[in-house]
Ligand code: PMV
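Single chain ahead, by itself, as structure tokens, in the form predicted on its own.
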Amino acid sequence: MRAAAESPSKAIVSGEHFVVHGAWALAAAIDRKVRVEVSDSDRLTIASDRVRSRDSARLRPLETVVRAMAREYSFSPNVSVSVRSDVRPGTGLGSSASCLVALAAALSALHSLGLGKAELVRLSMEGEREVHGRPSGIDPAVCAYGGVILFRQGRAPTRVAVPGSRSLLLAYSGKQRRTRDLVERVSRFREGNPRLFESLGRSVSEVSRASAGMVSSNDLQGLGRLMNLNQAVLSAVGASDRALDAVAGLLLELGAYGAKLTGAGGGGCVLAVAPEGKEKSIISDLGGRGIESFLTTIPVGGVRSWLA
């Protein structure tokens, strides 16, 4: 028997890093997806089109999820796992969370477990901890539930209403990074500046909640202003770098309302909002400067699974 699942990736609109320390964050599922197929086998094998054979250690978080689910739900961990991904790893778009959520959903379908979204998030966190060290849970939550969510650790995600559709622009900085390294860098800033960090965290929470309202009302100019503020804060705590700052600045020069890193920072992608009808010319201008970018439309559905 074979089962498959497909999960979206994500962009964090507001609150990365601070969400690990209790702040509210806002995230959106985007339509760069990961598909996972699983089938019964005589041993556990895992293959991914994004991982070379010599880098097989990167597949261990998937093995962790398979074995954790096999123990909890009393089935054999001997399965063949195949991963196909539209998401570049190390770009801040939640490639690991998308993969792990899809894996948990595919195993649930294969063994007729009927697991809900909250259970898929919980199980995917078994692997996310190996990838990120201290994940907040926002990535698997938005990959599982889809749409746009307000998230705070220890609480169920709050869905944000998005009447119609909105466009988001994402541009690659040209650098990959390890989330764990950036989380540790920001944690060092927090340890050296505890009162400042706490104050910034409260402000970021307010920015996240205000940003949710602006997404719902389609106030892209207001959202852009808050994204610029968020970028300044992330730069101050050490999450940004010259490449990200340069791409964010260029997006503003080309007419975007706002631009900020998305995800851990230190490389990866910049998220921007721009006037309707202006996005394609911005993408063209970026391409002329050697910067790859793409548009995504929100909202996007969450993980789905089926018997293949």
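Start at 1 and count along the sequence shown; that's the residue number. Quick caveat, the model's predicted, so the values are computed rather than measured.
There is also a form predicted in complex with the ligand; it is not shown, and the following applies to it.
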| item | value |
| --- | --- |
| One residue of S136, Q231, S108, S173 in contact with the ligand, assessed in the model of the complex (non-hydrogen atom, 4.5 angstroms) | S136 |
| The ligand: the contacting residue among G258, P61, G263, G266 in the model of the complex [heavy atom, 4.5 Å] | G263 |
| Contact test in the model of the complex: V20 vs the ligand, heavy atoms, 4.5 Å | yes |
| 4.5 Å heavy atom contact, V183 and the ligand in the model of the complex | yes |
| 4.5 Å heavy atom contact, V13 and the ligand in the model of the complex | no |
| Contact label in the model of the complex: H132 to the ligand, heavy atom within 4.5 Å | yes |
| Interface stretch in the model of the complex with the ligand - options 222-230, 71-79, 85-93, 208-216, non-hydrogen atom within 4.5 Å | 85-93 |
